[in-house]
Every structure is written in C-alpha cells, then in structure tokens.
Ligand SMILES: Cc1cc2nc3c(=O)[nH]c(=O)nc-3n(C[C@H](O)[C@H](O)[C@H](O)COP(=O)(O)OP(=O)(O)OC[C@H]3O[C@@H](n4cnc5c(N)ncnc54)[C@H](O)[C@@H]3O)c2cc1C
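Only one chain comes next, encoded as structure tokens, the form predicted alone.
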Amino acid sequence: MSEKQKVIVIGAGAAGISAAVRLANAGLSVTLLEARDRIGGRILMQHDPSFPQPIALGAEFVHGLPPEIWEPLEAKKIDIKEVEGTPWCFRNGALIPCDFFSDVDEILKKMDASSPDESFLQYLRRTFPDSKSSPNFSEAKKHALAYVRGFNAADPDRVGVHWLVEGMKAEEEIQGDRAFRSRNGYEDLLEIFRSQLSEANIEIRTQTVVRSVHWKPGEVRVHARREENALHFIAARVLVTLPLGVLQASAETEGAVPFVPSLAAYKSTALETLVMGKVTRVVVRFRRRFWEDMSPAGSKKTLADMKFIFSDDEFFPTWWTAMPENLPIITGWAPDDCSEKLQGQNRPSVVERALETLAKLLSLPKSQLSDLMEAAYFHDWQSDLFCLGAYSYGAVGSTGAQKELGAPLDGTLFFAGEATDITGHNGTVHGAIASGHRAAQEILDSIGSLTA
C-alpha cells in the first residue's frame, strides 16, 4: 500500500478510535498511537477485583439520545436505563428536595445569542440585578452559577453566553436534559471499541508518547517514545485528536506536543478562545448503601432513591449515586475553582476532604463514614499529563473557534476531539465520536480528490 493510503491517528480516545475504525473500514492502513497503557482517553474505568462493577473516573453519563452512543449499544442489545430518583439540596444545614430547577431554566432560557457575546456572570449581573425583594430568585441565581460551573466545568466569568446557547440548542435536539447509564457504564462502549479495532485490523501502539510532530504538505513525521526507545512514524496524513489542554500547552510544559512548523495563526486564535475545564473527582465505595434508611431532618422521605446532592461546599459541591443501580458508591465532583483548591494534593488528602464534605451533607460523623468506607478512587484531570484538564468550553468570543480548530491543514494534518465538535456537543463522548467521523470523512475526501 502506498504512503498516501496510510494514516496515523494520534490519540485512542473516542474521537481517535471512531475515526480509525471508519478509515480502516474504507481500506486505509491505520496506525493508532496512544500515550496511555489503555484505550479510551477520558473514558477512564477503574477495575477493582473486590468489586463487580467498573468504577467511572471520567465520562459516566449518556446525555440524552445521541445516535453515536445509542446505536452501537443497541446493536449489541446492551440494556440502557434512565437515571431516575430524587435530587436533594443542602440548604441551611439540612437536606431538602431541590426546588430550583424551573427558576434556573428561566434564567438560562433568557440568554440570547443574537446580542453581543458576554460571560455568563456578566449576563446574570446585567439581566438579573440583585434585589432584596426577591430572595428566592437570588437563590436561583446561585444555583444557575453552580450549574454552569458544575455541568460545564466552566468559570462563569469566562464562559461565553453564545457558546452556552449553542450547547443548549444541541441538547434540546437529543433530549440532553435526560441522563442514562448502561449496566457497566462506558465499559460497555469500550468493549465495542475494542471489538471494532480488532475486526478492522488496526495497529494500536499503546504507551507510545508523541513528543513532536514535524510536517509539511503531503508528509508528516511523528516523533515518539515508548519507555526508553525513540520511535519515528511517517505518513502523508495524520489525524490529531489531542485534548485541548495538550494543544494549548507551551512547549516547555510536560505533556506538550509541539508542531514544527507551528500551526496556522487562525488555529492559535481559536485555541485562545477555548478553555479546558477543570475537574477532580472522588468515588467512595461503602460496605452498604447506608443512606437508604436515612431521613433528613423534617422529612418523612428517605434517601433511598437519592440521585444527586447539590450544595455550596467549597470543595465538593455536587455528589451523585449510581442510580438506577443500587450500588454502594457515591461520587464527589469538584469542578472549576473547587478543583483548583485540590490540585496537587495527594490521594489521601483529597479523599479525607471528600469524606468531610459528605459527612457534613449527610449530618453524620466523619468517623462513621470512614468506618463504612471500603475503598476510594480518585482522579485529578488537570494533573493528567495526557489531558491537562477535563473537557472544553467556549469563552466569550469563541463563536466559530471549534470549526477553525478542527479544520484540516494542507490536506495533511487533520483534527478531531470534543473541542473540535461543531454540533454544539463539546465536552461529551458523543461529540468526540461525531468529530472523529467528520475528520475521517475529510481524510477520505482528500484521498478521493487525488485519485479522481
């Protein structure tokens, strides 16, 4: 096979895998390079021999009904269940059923993409000035800020209203306000990926860390390292699926991948208006679902069907259970500035902090939770050298940045990944898969134009 029919894909996350499979199935020779010892990228499932279910430390929920995820799962007859249950809010020192969703929806739906772009925080201050006569709405504003910070892992003072509106429209099209899980979480999708890669006879090189990419029209040389060995790959086309944080990293940053020559100026501009969100998460596994029998003060309802806890805790403001599965695990979510406060701390310190927060929210002694805890799992995504962050969002003025970041260069360098998705689904697995499909088609079209 000629060099023109060979493609190197950098990164075996959802975007890289989906593109590699499509290219290989079209008859191209594909080499997939992955820095980690596993595939999946930000789909990170930890397997503990003492527990039957894989633990999600990365992507976890299926948001809505995206065909990129539902079609392969349904083709394998994998059962998918909607996440149901009661969300609880910690307010005035106690848990109460949440009642802020309609007010938050009202705030979000008034955002207008036809007005000049501004940050979400600026929008809130301009549109809903503080008023002592409406304390309930002031509370809704706090929840709206928490939603943007938690769901998007975004800084409300940086994230653009235009980007948020585009994302909301995209979510509406797939019922993105609904959340689903398959029985084994994203491990089910990973199994499908592994099968597809094997059937397509794709060469996968894990633990292969790309150090630099040297390119000119029609030729790319990828310099990498595996353990102590230097490796070099050459192809006429390379698909880059590096996370936004890695693409943005300066050359001296550990984990950075410099391009020689540098990428086009318009890509640098796009990178400046996109932001990599920050997230630290902890999953705590207990001996049993002890909260099933607990009733918050003043409530006759137990926490048996608890799915979320929302609070204003400075470290872990959001928690969720494994609903609809009755598993004895609770996940703590530290986004944006909360994650910054935890960055660089070791696992025991972060777990200790998480237990302190959970004990406060459940009005239990921390010692009781420590006694009930069997294991804890932790991942700090911005300290992950192959990611340098959680997932992307658009800052003020970012309109069109995803398209520019994903645009091919000279029919030689191609780009995919959730930050390049142009359908409004940035930060999602299905957005990453869609970007991989788009980039694969661009590569096939470029080859077709040469042979036509």
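All residue numbers are counted from 1 along the displayed sequence. As the structure is a computational prediction, the values presented were derived from the model and not from experiment.
What follows is about the form predicted in complex with the named molecule, which we do not show.
Residue contact check for residue 12: one or more of its heavy atoms lie within 4.5 Å of the named molecule in the predicted complex. Contact between residue 429 and the named molecule in the predicted complex is found at the 4.5 Å heavy atom cutoff. The named molecule in the predicted complex is approached by residue 210, whose closest heavy atom lies within 4.5 angstroms of it. In the predicted complex, at least one heavy atom of residue 60 sits within 4.5 Å of the named molecule.
The contact residue chosen from 257, 329, 164, 107 relative to the named molecule in the predicted complex is 257, the criterion being a non-hydrogen atom within 4.5 angstroms.
Though the named molecule is absent from this view, in the predicted complex it lies within 4.5 Å of a heavy atom of just one residue from 242, 270, 306, 354, which is 242. In short, of 395-403, 417-425, 23-31, 47-55 it is 417-425 that has heavy atoms within 4.5 Å of the named molecule in the predicted complex. Along 148-186, one residue reaches a heavy atom to within 4.5 Å of the named molecule in the predicted complex: 186.
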